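Before any questions on binding or motion, here is one chain by itself as structure tokens, the form predicted alone.
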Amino acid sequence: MADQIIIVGASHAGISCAEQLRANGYAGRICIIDRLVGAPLERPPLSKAFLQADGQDDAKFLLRRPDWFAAHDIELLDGRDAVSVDQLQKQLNLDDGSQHGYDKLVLATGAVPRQLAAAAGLDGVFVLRHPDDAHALRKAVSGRQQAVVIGGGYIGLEVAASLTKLGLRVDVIEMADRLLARVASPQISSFFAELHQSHDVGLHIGANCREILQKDGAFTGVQLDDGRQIAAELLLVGIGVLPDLDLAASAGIEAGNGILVDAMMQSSVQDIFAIGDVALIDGAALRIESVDNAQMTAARAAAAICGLAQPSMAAPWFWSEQFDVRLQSAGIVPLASPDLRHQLRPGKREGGFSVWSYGDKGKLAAVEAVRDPAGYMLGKKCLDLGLSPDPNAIGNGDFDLKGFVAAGNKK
């Protein structure tokens, strides 16, 4: 049998891995297997531009056009579900009964959204993870006037902004004491709370749903712990995701909150790699869910498979768009630290600012920027270079941050 690499999952991680393999000179067969039907779409726009589009030109959201696969000699088997792995025979079994041998197997299975048991199966209830979810939600918006979003993370807030722009009245319910509590600094949380309130989004912070209301199998609203009822015709559940570990379990691969891999994305089973949202790099405190991480882990796996030097590590970066505002962030905002400190720095543009978060021993851990691309870029360079500007100086707009970075880059 000729060399064959099988990649399970055709989102950003899987596609990037195939692309990097070819760029690295791999000439064997590459097959990508994906459970979704059709050409893969980009994921970030699903909660934003895609949701607000009229569906007339969805091709602009394609992750890669069909001719890309032919040009790179990459086979895409769509609408097929990989159900189990025989690690001894090095064979992947699909739901149609077919069996596919591999030399190397790359798992880019991603994650699945958490669902509320009380809401599952009701008409008008949605999650948003895959293009199919986005298609269903976009179709359901027509004629609806009120929506509830449970979860004040990135997905929940992006959907709330999109639905508001489409003319719906939206209420967001978040059980934590602030929006974006797991991923952002308090200053960024406050900024986006004020932004949503300025667009008449109802925010219910520190609130829990006591009951999901329904009539004849259709969602009709929620009742909060304090007895308040919010009537709505549509519910978006955005309460996080779980890594899709079923295939890994069938192969006996070690996993926790993700498939455990080393720095080269190699799992505990020889010749099986894991990348993207499903992978948990050894020693990391958490999985990172972002396009940047998908591409970075894909590049590392492709380099390992091809026997090439590993690409250098860089600070993870993220972005979010809500209404007319883009948030850019790099690094991981610490949830807790004895020395945790968040410092606000004014930006050069009107209304622009960045938040610099310092963790243990005053080390810079993350930079978040709103309407301040220069602050973001300099902050990311600091993280990539291991530089930590004095937190007492960073809040001073006159502090020469550019000069500080340039000096640190020469060392």
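Residues carry their position along the shown sequence, with the first being 1. On a predicted model such as this, the values are computed, not experimentally measured, just so you know.
What comes next is about the form predicted together with a small molecule, which is not displayed.
**Q** Check whether Arg35 has any heavy atom within 4.5 Å of a heavy atom of the small molecule in the model of the complex, and answer yes or no.
**A** Although the small molecule is absent here, Arg35 would touch it in the model of the complex, with heavy atoms inside 4.5 Å.
**Q** Examine Phe219 and determine whether its closest non-hydrogen atom to the small molecule in the model of the complex is within 4.5 angstroms.
**A** No - in the model of the complex, heavy atoms of Phe219 and the small molecule never come within 4.5 Å of each other.
**Q** His342 versus the small molecule, in the model of the complex: is there a non-hydrogen atom within 4.5 Å?
**A** No.
**Q** Test of understanding: in the model of the complex, would Gln214 fall inside 4.5 Å of the small molecule by heavy atoms?
**A** So Gln214 does not count as contacting the small molecule.
**Q** For this chain shown on its own, do Arg43, Asp81 and Trp319 all sit within 4.5 Å of the small molecule in the model of the complex, going by heavy atoms?
**A** Contact check passed for all of Arg43, Asp81 and Trp319.
**Q** Report the residue, out of Gly110, Gly153, Gly331, Gly258, that has at least one non-hydrogen atom within 4.5 angstroms of the small molecule in the model of the complex.
**A** Checking each option against the small molecule in the model of the complex, the one that comes within 4.5 Å is Gly110.
**Q** Quick check on this chain: which one of Ser268, Gln223, Gln115, Ser290 has a heavy atom within 4.5 Å of the small molecule in the model of the complex?
**A** Among Ser268, Gln223, Gln115, Ser290, a heavy atom within 4.5 Å of the small molecule in the model of the complex occurs only for Ser290.
**Q** Just one of 196-204, 174-182, 81-89, 305-313 has residues with a heavy atom within 4.5 Å of the small molecule in the model of the complex, so point it out.
**A** Looking at the partner contacts, the answer comes out as 81-89.
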